[in-house]
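Have a look below at one chain only, the form predicted alone, in structure tokens format.
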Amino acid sequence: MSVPDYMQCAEDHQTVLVVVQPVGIVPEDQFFRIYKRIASVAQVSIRDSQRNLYIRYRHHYLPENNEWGDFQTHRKVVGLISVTTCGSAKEWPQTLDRFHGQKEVFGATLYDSRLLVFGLQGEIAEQQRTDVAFYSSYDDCPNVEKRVEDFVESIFIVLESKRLDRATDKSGDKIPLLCVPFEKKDFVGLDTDSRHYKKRCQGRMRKHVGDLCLQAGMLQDALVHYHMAVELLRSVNDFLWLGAALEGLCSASVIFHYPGGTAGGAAGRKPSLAQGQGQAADAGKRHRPGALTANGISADTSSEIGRAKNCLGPEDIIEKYKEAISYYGKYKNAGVIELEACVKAVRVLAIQKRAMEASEFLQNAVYINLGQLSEEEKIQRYSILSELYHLIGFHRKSAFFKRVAAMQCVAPTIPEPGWRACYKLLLETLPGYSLSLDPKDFSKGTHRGWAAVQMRLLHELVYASRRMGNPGLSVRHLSFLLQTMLDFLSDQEKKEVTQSLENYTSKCPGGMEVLTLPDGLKLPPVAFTKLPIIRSVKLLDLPVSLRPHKQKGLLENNMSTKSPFIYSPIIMHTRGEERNKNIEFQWVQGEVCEVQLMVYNPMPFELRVEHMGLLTSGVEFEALPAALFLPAESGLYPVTLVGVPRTAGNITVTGYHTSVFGVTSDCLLEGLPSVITSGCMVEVIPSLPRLQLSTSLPRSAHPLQPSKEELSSSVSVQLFNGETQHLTITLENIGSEDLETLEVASKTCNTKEKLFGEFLSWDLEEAVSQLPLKPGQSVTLTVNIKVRLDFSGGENLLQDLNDDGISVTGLPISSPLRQVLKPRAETKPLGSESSKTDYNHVKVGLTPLISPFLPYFL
């Protein structure tokens, strides 16, 4: 044998091998549909007996392996099921000849065979034949499973007869010497009458009968025969067959101790009849056939005491496996047998949870020389080693062999390298190296795994995906490498990775879409949150001239309502709540708003961010992207990102987007726990009008300090008592909203003297008649300034004049220059109560003051 069966397990020794193959031209999908139905009959309860027969099916089996059937009977093809398509009676003779030719391949070992014919109808299909079953189509074949069960029972009858024939001690008859293929030439010319030769023949036959007993469901008899074979073969130093007898003893003991099987849940055995009758506590009873039956099938009449005596314990099973493998190792041509024995022992140790001992068997299997293996066989060998290491919990070792198998797929000796298979195997190694392709797994805390190995694996994924002809996949893996392994890259490696990334993105830019692989695996997007690194986010208030203010009318009493203050020593909030809390100031629809980021560049070269803008939610927002050039390894660097809200409501700054090295990233603040922010939600109020004020008087050299909610425009004028002067005020609408309401009010301050009449007077009729004021239009208002003072107060007049003065100062526009103006039915007279609605009026206030020189400041 040159090709090992890596799926072998100890319980396979009790199975009979049935090959299912197509004859002629059979559609592959139809064949495997039938094969799956046939293979579902894996266990058959023999009628009139408590014994079960287990079947192992193969759709491909090398005839050379069949030559080892005497050495281990479960390797012998005893059944053949052929599947064929026959459309007409003319094709039937040729089909039948092909079937007979197929039987000749395994003819020396076959117990029985069946031919399943699909598509043939008529006189031929109506004939009743034992070895042929006719079906009209692949869809109309209801009793395939029943036919297979009958076929298996016929195999059992032949098996039982052979067991009885060879188990019977016929005194005087010469026992034949059973041989493996490579031994036949060694026994030519030997003395067949010597005692040594006879013991060799007896020992090998005992071992062979033990195999037949195990297949026939007679576990106790098999144990007895194996023990006898071990003693006989050991006495004549027949090491190859001694190893086989020891392995048979181990297999029978494993079947007794582990009735569920050692190959995993998929290959586990079904409960037997005895277990189904409430005797599941004793797994060995499954094989007890009961008393002698009417059909002449002999019974296993052994007691449980005898079985337990002959059966190996869990510890002894492994020791005998070691001994058997050491004997196999003496023969170069028994490499496949030795390798399969190692695999069986590992599966048993995995059930026993003895991982270290299992790894010793696997280490031995790695160094077993099987001669010249094809590249496919090498890939299969490394893959199964990987699966076995995974079975015993050695995940990193499993990943290593899986990676070796991946590299074997693209070996230089292969004319057409399988890059897709290589890529698929590399993906399967990721869990073993504690590597996930989801960037979120790397933002949760401490890095897990060996970074150097992980980077090597990611480089191999990049290269394999490029050779597959999928540059988008290469960009995604390279982006993931740069984002997650940045802290472990040297300066030179950072330059090389970024240069490679730019080369890939020049052909296929990277984005934030989820990539779906052909096998269904989804690759999440990679956001460059470290290129650059953000440390703080701060929303900025609008410039003073553009800020909206909630302000009452000038004529109202300035009364503030105070809310109750409740003190609590417990402050419970999270960073998420901090980010979502409202900010005191407001933004205005249609105006440019700013957000300041503190960033730094971790790269050893200048970082060019081609596009960087804000990500928001809540209202429609037009982000105005910026381009950055950050110096190499710069410290914290302030960057201001701007945008224009197009609708009103509450807006939340959720993150930012960048374009670096050809990769577009959407970076969300919720995924950046290290970012400091004082709140990211702000109210956007509807668009307000903007009003520009100009006067006919020169500006004051000593302007008044406005309050926080006022804008000041101070002008000055000097008048004598009784003098009158006209002040022209021009109001221009420089915004995008109509100005619909205008109110003017005056206030006198710092006056100790008596004023006669109104100090300031104006007429609003002409100005109001031009409302609403469209954007770009202006309106002119004339204010009359007339000074009338009473100087008959007393002797300290000059002192009073020196202490105080009279001036007229222009109160600022009493609300921000952008407001929502609501139309008024009529203009309120001076002194009337103004509307209490926020952002609803524009008011011009003029305040008279007294000066020693009687100037008037407006």
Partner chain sequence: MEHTQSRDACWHSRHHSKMAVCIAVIAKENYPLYIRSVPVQNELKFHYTVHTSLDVVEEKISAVGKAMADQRELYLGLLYPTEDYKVYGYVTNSKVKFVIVVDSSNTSLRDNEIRSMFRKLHNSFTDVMCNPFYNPGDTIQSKAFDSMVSAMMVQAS
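Positions refer to the first chain, counted from 1. Just so we're clear, the structure is a prediction, and the values are computed from it rather than from any experiment.
Omitted here: the form predicted in complex with its partner chain. The next part is about that form.
### Message
Looking at 510 to 518, 593 to 601, 470 to 478, 363 to 371, which stretch has residues with any non-hydrogen atom within 4.5 Å of its partner chain in the model of the complex?
### Response
Result of the contact check: 363 to 371.
### Query
Using 4.5 Å between non-hydrogen atoms, is G79 touching its partner chain in the model of the complex?
Judged by the heavy-atom cut-off of 4.5 Å, G79 is well away from its partner chain in the model of the complex.
### Message
Test of understanding: in the model of the complex, would A355 fall inside 4.5 Å of its partner chain by heavy atoms?
### Response
Answer yes; at least one heavy atom of A355 falls within 4.5 Å of its partner chain in the model of the complex.
### Task
Answer with yes or no whether P532 is in contact with its partner chain in the model of the complex, where contact means some heavy atom within 4.5 Å.
P532: no contact with its partner chain in the model of the complex.
### Query
Is there a heavy atom of G432 no more than 4.5 Å from a heavy atom of its partner chain in the model of the complex?
Result yes; G432 sits at the interface with its partner chain in the model of the complex.
### Message
Under a 4.5 angstroms heavy atom criterion, identify the one residue in H100, H447, H611, K184 near its partner chain in the model of the complex.
### Response
Partner contact (heavy atom, 4.5 Å) among the options: H447.
### Task
State the residue from A452, I414, L624, A89 whose non-hydrogen atoms include one within 4.5 Å of its partner chain in the model of the complex.
Exactly one residue meets the criterion: A452.
### Query
Taking heavy atoms and a 4.5 Å limit, what residues of 394 to 408 are near its partner chain in the model of the complex?
Heavy-atom contacts to its partner chain in the model of the complex: F394, H395, R396, K397, F400, R403.
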